[in-house]
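In C-alpha cells, one chain follows: the form predicted alone.
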Amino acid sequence: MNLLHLHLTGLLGLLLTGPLVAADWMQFRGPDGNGVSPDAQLPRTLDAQSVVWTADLPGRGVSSPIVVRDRVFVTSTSGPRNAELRVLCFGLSDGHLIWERQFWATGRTMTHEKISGATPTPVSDGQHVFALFSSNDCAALDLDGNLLWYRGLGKDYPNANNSLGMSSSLALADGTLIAQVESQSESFTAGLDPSTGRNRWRIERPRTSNWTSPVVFRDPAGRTLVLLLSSNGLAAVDVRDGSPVWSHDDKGSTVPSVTASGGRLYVPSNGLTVLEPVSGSKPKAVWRSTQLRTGTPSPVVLGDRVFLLNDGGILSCGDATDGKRLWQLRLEGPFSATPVVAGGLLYCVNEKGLVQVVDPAKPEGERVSTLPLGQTVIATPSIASNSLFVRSDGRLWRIGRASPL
C-alpha cells in the first residue's frame, strides 16, 4: 500500500458517527447528499449587491466547495500536467485565504478538457477534511491544514483510471470513508479507515467507466447502506464491510447520481426510476417515467415534487408520488451543475456562470431572478450560513446574506 501515515494511527478526536451540522455543507450535495438545505434562507432576488465576497483560486477545479464551521474548503489542480494538487481553506466571513496545501499526484492526471484533476468534491467529519482527486490521490488534513495521511490509490491500483478523468466524490458514514473508483480496466469501491487511509474493505465493481458518486442511505431496518450506481444498475452494500445487501439490475446512469429523499430512491435509469426500500428484501419499484429525464445534473426532490434538469436547460417538474410530468420550464443553458434548494427555491447555475433562481411553487415554475458571474461554472454550488457558494476555475463566490455564524 502506497500510504504516507504520519504517526496518527490513533488520530485523536475523530467524530465520525455524529450527524452533520445543519448549518454546514460538508459533502457533495449537502447534509443529506440530495442538494437540499433544510434551514437556509437565501435571497429570492439576486443582484450585484448579493455578492458578499469573492476569492481568487489558483489552477483549475470543478469540485464543489464544502463549508465547515467558519471555513470554506476548495480543491484545485495546476501545472502543465495537472499534477500539482491543492487544498485551500478560506474564511467564511470575508473570504480571506487561511491556508493552502500542495501535493504531487502519484496517479494519472489526464482529464477531459471540460473538467480537471480537482473534480471530486471533498468531505468532512467536522474535524478533518478528506480530499480525493482525479488522479485517485487522497489526502486527509485537519481544519488547520496539518496533513494526517496521504494515499496514492492510483499508485496502488494503477489500472483504475480512464482517459476522461475520474470524478466520483467521497462519502463518509459510520466511521468509514467511501471511495468509488470505477473504470473499464480496474473497478472497485473501497471503505477506508479515516484515521489511517488504509482499506477496511474493498469490493470489485463492474468494469465500466463511471462518474457517479456514492450515496449514503439508512434503510427501514436501520442499516447504513452505500448506494453505488453504474451502467449495470444500482447496488446497495453494507457500510461496515462492503457486503452486498440488494441490487436493482436495470441499466443505470454513469454521470448523474442517485437522490435519496423521504425514504425513496430517485434513480437515473430508463428516464427516472423510483425505488422504495423494504426491510428484509429488495426495494419495490414505485414508478418509472421516460418523460422525466436528466442530463449531467442529478435529480432534486422538494416536498412532493421531483425536478430534472437536462444539459440544454429544460427543467422538468414531476409529481413525486406517481411520476406524472407537471410542467417544463426553459432556462438558459447549458448545464453541468445540479440545482440546489433553499427556502423552497431552486438555485441553478449554468456553464456560463449565470445563477438562475426558480420558484417552483408557481403553476408552471418561474425564473424570478438571475445573477451573471462572468466565468465558466461546472461545479454544483453549495449552501451554508444563508449563502450560496459557487466556484469556477478561477474564483470562489459567496452570494446571499452576510449573516453571523
Partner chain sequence: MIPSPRRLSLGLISGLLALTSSPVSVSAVVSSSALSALRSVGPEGQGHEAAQKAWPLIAAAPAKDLPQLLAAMDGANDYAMNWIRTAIEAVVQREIGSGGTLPAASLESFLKDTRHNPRARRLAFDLIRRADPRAADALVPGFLNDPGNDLRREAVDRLVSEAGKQVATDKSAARAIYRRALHSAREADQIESLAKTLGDLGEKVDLPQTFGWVTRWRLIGPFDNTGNQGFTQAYPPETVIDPKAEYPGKGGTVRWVDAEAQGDYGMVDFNKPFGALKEVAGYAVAEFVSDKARPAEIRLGCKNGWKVWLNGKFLFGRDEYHTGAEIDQFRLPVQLRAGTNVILVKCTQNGQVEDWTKEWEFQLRVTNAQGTPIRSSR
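Because the structure is predicted, anything quoted here is derived from the model rather than measured. Positions refer to the first chain, counted from 1.
Keep in mind the form predicted together with its partner chain is missing from the figure; the text below concerns it.
Here the chain stands by itself, but in the predicted bound form one stretch of 273 to 281, 212 to 220, 80 to 88, 324 to 332, 80 to 88, has heavy atoms within 4.5 Å of its partner chain. Relative to its partner chain in the predicted bound form, residues F103, L148 and Q184 are all within 4.5 Å by at least one heavy atom. Exactly one listed residue, out of S247, N199, S93, T296, brings a non-hydrogen atom to within 4.5 Å of its partner chain in the predicted bound form: N199. Checking S316, S168, T176, N161 for any heavy atom within 4.5 Å of its partner chain in the predicted bound form turns up a single hit: N161. Using a 4.5 angstroms threshold between heavy atoms, M110 counts as touching its partner chain in the predicted bound form.
Of the heavy atoms in G252, none are within 4.5 Å of its partner chain in the predicted bound form. Heavy atoms of Y157 reach within 4.5 Å of its partner chain in the predicted bound form, making it an interface residue. At least one heavy atom of R207 is located within 4.5 Å of its partner chain in the predicted bound form.
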